[in-house]
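Have a look below at one chain only, the form predicted on its own, in structure tokens format.
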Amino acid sequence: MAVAPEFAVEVRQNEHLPAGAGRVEAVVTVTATGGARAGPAADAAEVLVLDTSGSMRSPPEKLAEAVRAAEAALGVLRDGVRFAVVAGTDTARVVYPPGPGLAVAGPRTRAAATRAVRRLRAAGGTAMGRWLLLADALLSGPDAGAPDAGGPGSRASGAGPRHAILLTDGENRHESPQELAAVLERVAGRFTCDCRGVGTDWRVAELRGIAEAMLGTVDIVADPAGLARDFESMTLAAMGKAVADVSLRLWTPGHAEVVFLRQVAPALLDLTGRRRRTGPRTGEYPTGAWAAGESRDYHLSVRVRPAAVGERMLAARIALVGPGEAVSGRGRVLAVWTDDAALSTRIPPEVAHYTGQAELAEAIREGLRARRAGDAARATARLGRAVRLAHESGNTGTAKLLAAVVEVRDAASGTVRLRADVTEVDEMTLDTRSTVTKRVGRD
């Protein structure tokens, strides 16, 4: 039986504002607690979406490693989980199961799916929106009766965590950016999708856009030989999710409004535009699926009407809302106006840290953009700023990636020189992982 998690909410802020100030900043830590564990396998669903366009033929081992990765993912599906494998070109087709709907994971279906995947051949173009539409149709299809674990052709769709892995090696050439955007708007929030780019012929911004819309992760797998381990890891993580479709609910009083809500750890993800209005002063922001013990940080900024010194107000109330409107975990963001500068000038270390991490990601993107445009001066300035921010925040992972793109002469001051021998892999790895943050005070 599933044990749904409860959520603990911790708010870290400086509630004291100087006279005339009208902005409250807080870092909200949400942790899944309560001994949650993954629900019944029958409630979970997984779809593997493999790029089988013509470019996957070169080099030949690329498709072979993609097949091996799919086998690795199939091998760690829990018995009873609904699943399918999709091949993507300028169209999308189900590789397994042979009929409509999802199969139920078991020894026979896993073996049959493996045989089907091994027959894949590369040909055709790339239209990722169509791949996502097919994944959505599979993951949201109607139940077909009681599951038949291990029986080929058993059909059902789960109400639990719904997850997909999308692998590509190229750009989305066979549909327009507008078409892909329309698909993302249609399927966002219906399932989670982790995206991987193999090789260096795909576009980071394009895949990141898909991953962010689908509340998933994005990463580069430069060497196809690394795909199997990555697929296995992503699938195991998906199998460990205890609850899906959790939203963060914010209530603000009159004369107050949310400026932004961003996930800031483990990676940056702006949720501001994802608000769904649920009441006159209430909105909900999707956070996806959660595993037991999982913890994330969010940066909340609220604009309030300035008040007189000595006044106090509730700027926001926070709660987590799960399936069935179950509410768990509550927190409050406060504002108190004071003329004591010693109180009002304190910046909570968590707010300062994550503000810096957001700036770090932006500096990397701007620096790489300038470098590609041939603007060496701006690239040096922005990547130097990134080096300094990474050094100050102790983000050694990002610092190491930056060192592959710039020669660091003094990290503390951000003094760098652009490297002339930067590989495409180094540049794309830095770009792809620029949104991964160091969690304040925890690692």
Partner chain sequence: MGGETCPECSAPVSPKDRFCEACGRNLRVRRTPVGGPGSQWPPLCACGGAEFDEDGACEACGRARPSARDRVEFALPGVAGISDRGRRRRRNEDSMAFGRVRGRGTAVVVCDGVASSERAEQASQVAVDTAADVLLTGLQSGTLQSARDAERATAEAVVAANAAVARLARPEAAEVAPSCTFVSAVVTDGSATVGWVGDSRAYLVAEAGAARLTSDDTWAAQLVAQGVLTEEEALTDRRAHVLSRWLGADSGVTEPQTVTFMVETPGLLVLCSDGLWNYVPEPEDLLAALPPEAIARRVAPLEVARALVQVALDAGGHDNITVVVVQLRGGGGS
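This is a predicted model, so every value here is computed, not measured. Numbering follows the first chain given and starts at 1.
The same protein also exists as the form predicted in complex with its partner chain; that form is not shown, yet it is the one meant from here on.
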item	value
Option from 227-235, 126-134, 326-334, 369-377 whose residues, in the predicted complex, bring a heavy atom within 4.5 Å of its partner chain	326-334
G279 within 4.5 Å of its partner chain in the predicted complex, heavy atoms	no
Non-hydrogen atom contact A181 with its partner chain in the predicted complex at 4.5 angstroms	no
R317, heavy atom within 4.5 angstroms of its partner chain in the predicted complex	yes
Non-hydrogen atom contact E311 with its partner chain in the predicted complex at 4.5 angstroms	yes
Contact residue in the predicted complex, from P177, P253, P98, P349 (heavy atom within 4.5 Å of its partner chain)	P253
